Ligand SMILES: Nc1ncnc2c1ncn2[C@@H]1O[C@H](COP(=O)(O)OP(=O)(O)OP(=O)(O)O)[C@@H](O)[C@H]1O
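Only one chain is given next, in structure tokens, and it is the form predicted on its own.
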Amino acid sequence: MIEASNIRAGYGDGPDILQDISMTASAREIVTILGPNGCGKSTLLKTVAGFVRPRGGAIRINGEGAETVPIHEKVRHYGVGYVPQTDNVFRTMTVTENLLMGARDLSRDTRNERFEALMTQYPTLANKRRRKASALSGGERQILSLARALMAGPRILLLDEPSAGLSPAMMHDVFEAIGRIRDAQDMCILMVEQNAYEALSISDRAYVLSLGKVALTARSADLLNDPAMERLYLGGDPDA
């Protein structure tokens, strides 16, 4: 569903942050991008999303060239949903208002149907539907941001560090929600994460970046047991 080939990208007149990166992600699959700070993880996600235009290489979505397509067109044409790391909910709006913001282009019947389905899927949000997002916990706000992205009925979900700033318990709830989305909706999920071991536990495959290049790629289960993962990722010992 997503195929990036030999991607080079950077910002302004600066050097290439991504250097000849290739990766794929398919339907009913969670693919995680891992690596230390500054390795190009978020830049790769933003390039796939359409916020950053690649300087070289190709991005194909559903077999169509999409490297020059901006994010708003990818949302409409390819069914891409993007959840940023920060500022991902409207804090002064209620839970209901946040969700409806994700469904502005839908008919009333479709909007109502998806809203009620999400209320059933996420009872915590349903119980707090009239509260402002600012009154929610960090984990609840992250789940709200996921649910808002789902309102538009995306086929591809791009997540930028969904566990950022969360406690271990909240992190578990968010990753569990992401896994359920993949399983229930046959969705293609491409995710950038710092918490390697939690992310790999729900992922199908992963790419480990180092200095703007793919240093390692494999099935998640294999990476969890690969000594090279520890050396390249710099994420610490999962048993420590």
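From 1 onward, residues are counted along the sequence shown. What you see is a predicted model; the values in this text were computed from it and never measured.
One more form of this protein, predicted together with the named molecule, exists but is not displayed; see below.
Contact between residue 121 and the named molecule in the model of the complex is not found at the 4.5 Å heavy atom cutoff. A residue is said to contact a partner when one of its heavy atoms sits within 4.5 Å of a partner heavy atom; residue 39 meets this definition for the named molecule in the model of the complex. When contacts are judged by a 4.5 Å heavy atom cut-off, residue 25 does not count as touching the named molecule in the model of the complex. Residue contact check for residue 88: none of its heavy atoms lie within 4.5 Å of the named molecule in the model of the complex.
For the three marked residues, 95, 98 and 128, no heavy atom of any sits within 4.5 Å of the named molecule in the model of the complex.
The stretch among 168-176, 182-190, 64-72, 31-39 whose residues place heavy atoms within 4.5 Å of the named molecule in the model of the complex is 31-39. Residues are counted as partner-facing when one of their heavy atoms sits within 4.5 Å of the named molecule in the model of the complex; in 166-192 not one qualifies.
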